[in-house]
Ligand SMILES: Nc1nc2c(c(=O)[nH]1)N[C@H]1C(S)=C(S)[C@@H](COP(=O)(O)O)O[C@H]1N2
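The chain below stands alone, shown as structure tokens; this is the form predicted alone.
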Amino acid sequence: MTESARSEGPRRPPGGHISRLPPGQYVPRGWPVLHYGRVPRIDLQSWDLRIFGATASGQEHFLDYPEMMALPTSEVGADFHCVTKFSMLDNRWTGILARDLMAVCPPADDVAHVLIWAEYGYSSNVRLSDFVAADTVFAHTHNGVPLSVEHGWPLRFICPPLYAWKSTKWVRAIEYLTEDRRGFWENRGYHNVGAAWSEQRYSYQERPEDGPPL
């Protein structure tokens, strides 16, 4: 496995905030385990990552687990904010930066959003600008320890400025979108963007430009 590790600092709170915590958040004891449905059973022999939709080549791409782990590895420091109001500070996430993965399997020029797909058909959508940020990473390790299956092993999408339902566990596919499309929780009343520092928790808070209609 080839590996080139680099450190990235966390994105700073916007608007001159002094607190490390977004509005309404608290620091818990430990790392709560939250997800919809059951924990999947993962077989790395059959696991792959599918990249499809509006790709630059017009073709679907598939990376098996060894191919994914052979991509450049980075470590990012980033806080983690759950919409249920807990925040975990000073995390070290190790994995493949989303922008490095995108360089291997690039999108078409008119792509503006990305849908992250997981086991059992779960999905969450993010803007391309959030996807390519310096601290957005497909993580397999947290604070030097491989993620547990309960926390999303073998691959978890981490997008630090957004609430953690956007940080999809058990990633299996990336879909490039030319038009925004809501994911699982976004279709069930959660905010389409989900920026933690703007406290974008629920769809009733949305402005017209925040996403497609429910």
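One rule holds for the numbers: they count along the sequence shown, beginning at 1. Nothing here was measured: the structure is a model prediction, and the numbers come from that model.
A second form of this protein, the form predicted in complex with this ligand, is not displayed here; the remarks below concern that form.
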Give a yes or no on whether every one of F80, F86 and W170 sits within 4.5 angstroms of this ligand in the predicted complex by heavy atom.
yes
Quick one: which of 53-61, 26-34, 174-182, 66-74 gets within 4.5 Å of this ligand in the predicted complex, going by heavy atoms?
26-34
Using heavy atoms and a 4.5 Å limit, would one call D48 a contact residue for this ligand in the predicted complex?
no
Within a 4.5 Å heavy atom cut-off, is L162 in contact with this ligand in the predicted complex?
no
Although this ligand is absent from this view, report whether Y122 comes within 4.5 Å of it in the predicted complex, heavy atoms only.
yes
Does the 4.5 Å heavy atom contact test between A98 and this ligand in the predicted complex come out positive?
no
Only counting heavy atoms and a 4.5 Å limit, does any residue of 129-155 reach this ligand in the predicted complex, and if so which ones?
E150, H151
